[in-house]
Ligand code: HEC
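Take a look at this single chain, the form predicted on its own, given in structure tokens.
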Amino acid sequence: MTHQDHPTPRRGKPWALTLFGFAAAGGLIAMPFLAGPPDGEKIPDIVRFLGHFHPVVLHLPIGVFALILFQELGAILGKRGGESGGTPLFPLFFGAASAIVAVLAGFLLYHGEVQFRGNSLADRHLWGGLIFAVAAVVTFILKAWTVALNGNPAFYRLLLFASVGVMGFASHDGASLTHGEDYLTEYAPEPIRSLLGTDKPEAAPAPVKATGEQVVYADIVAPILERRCVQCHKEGKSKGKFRMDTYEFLVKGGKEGPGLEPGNAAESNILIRMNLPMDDEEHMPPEGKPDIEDPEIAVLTWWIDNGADPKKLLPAFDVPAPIKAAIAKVAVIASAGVAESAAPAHFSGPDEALKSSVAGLSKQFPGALTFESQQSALLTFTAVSLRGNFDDAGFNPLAPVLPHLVTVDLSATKITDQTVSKLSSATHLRLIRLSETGVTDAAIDTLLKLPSLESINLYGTKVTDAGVSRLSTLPNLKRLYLWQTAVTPAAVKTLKEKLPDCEIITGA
């Protein structure tokens, strides 16, 4: 009996799957039009609860479709590339179903959070997810018909590749919403940033207006917030669901309520956060970011207490002498910031040798060593994920990059004074965390050689009065953590007298 004598098995045509699939796709497309714009203030808590599952379930369709893509590429490159083999039908069904679930959860999240109202990136992510889910359903239907009719898989594969492409764009937008719009491209090579349009030159600073022409909010208050807050509270990256890049969003606030109350600085959330102790987790700006200075807080307090008007010129206010002085100091702070960013730094940018060193060390310490920014040759290192597995020997490979470090977190590791002694070349170091390590007063000798230090955490270490008292010679020290150490209150008092601008946290 020849091959032709065997009849091809007859498969039932997937009419039911087709009708159900197109109904699901039509429902997905209709959802945004039926629901209208998001209004998180009127949404029941159960909607928010279900919406918060979106970050959990969204990885299912991503993983499934990535696997299907590789299987189909294998089928194309293999001997059966022209046949309808490749992926079985069930994985596509599971991928399409999980895509629908992920989009439904995302839709509930979108409507349950106030921060997404008017957020163009959130809108784009929503529609990207919807288009992907619809494409996934149609891909599944086309695959079912290809199998049933023993047809050419070319059209199904073309749609599959298009669906995965849409999935990639939607995933990138989701990461941008969570981590900021430059999350994927921040450390990308320069040609890639240029191709994607993310490597943009910094805008020149606006000319300073004469005092009589200054609008208090636009020309004095907004620049303070831009320097201290907006980096983490803007469209595409609104921590605490709070944006501070426009006056309207500033007043509206985030998940904790309004950002400010005109006429009442004491009850305004932004100032409550700024005035918290430095060791409080809710203090803003957070540790590791340049802290807001007293003249800036004074100006913000005065402006809010006087109504927080967004349009009033400075001459329209009754400005007391201390506030005039504070405004002058704020202008100096702003000028210093512009000069610092415009002046050529000691490290103008990472050279190829440094990039190569960091790339090699990143394989040994995944996620621990990063550039401070894409334009900087300065580095941050954190051993948080290593902790008890990181000791003095583990620190040795970092020797080539020590002069480039600005932040070092060695908390809860097994390092000793031996490791700290190697940091003497890290002259740009601004922050160091040594909490719950084996360091003693001997480590202080090295810290005294680092004049740029602003924050030192010695919580739970073996330092004593003798060692800590010598820190009074550090000119830029602003925060010192001494919880659970042998340092006495008398030594703390003496150190405070010598460092009046340094906040010493003892846990008392």
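Position 1 is the first residue in the sequence shown; the rest follow in order. Since this is a predicted model, take the numbers as computed values, not measurements.
Omitted from view is the form predicted in complex with the named molecule, to which the following refers.
Trainee: Is there a heavy atom of F140 no more than 4.5 Å from a heavy atom of the named molecule in the model of the complex?
Mentor: No, no contact at 4.5 Å.
Trainee: Does any heavy atom of S376 come within 4.5 Å of a heavy atom of the named molecule in the model of the complex?
Mentor: It does not: once the named molecule is placed as it appears in the model of the complex, S376 has no heavy atom within 4.5 Å of it.
Trainee: Quick check on K355: any heavy atom within 4.5 Å of the named molecule in the model of the complex?
Mentor: Close contact is absent here: in the model of the complex, K355 is far from the named molecule, nothing within 4.5 Å, heavy atoms only.
Trainee: How about K255 - does it come within 4.5 Å of the named molecule in the model of the complex, if we only consider non-hydrogen atoms?
Mentor: Yes.
Trainee: Considering non-hydrogen atoms and a 4.5 Å limit, which listed residue (P286, G74, P277, P88) is close to the named molecule in the model of the complex?
Mentor: None of the others qualify; the residue that does is P286.
Trainee: Check each of H111, H428, R228, H125 and return the one that places a heavy atom within 4.5 angstroms of the named molecule in the model of the complex.
Mentor: That would be R228.
Trainee: Has each of S385, R387 and R433 got a heavy atom lying within 4.5 angstroms of the named molecule in the model of the complex?
Mentor: Spot residues vs the named molecule: no contact at all.
Trainee: Report the stretch among 162-170, 147-155, 269-277, 412-420 that approaches the named molecule in the model of the complex to within 4.5 Å, counting heavy atoms only.
Mentor: Checking each option against the 4.5 Å cut-off leaves 269-277.
Trainee: Output the sequence-ordered list of residues from 434-451 with at least one heavy atom within 4.5 Å of the named molecule in the model of the complex.
Mentor: None of them.
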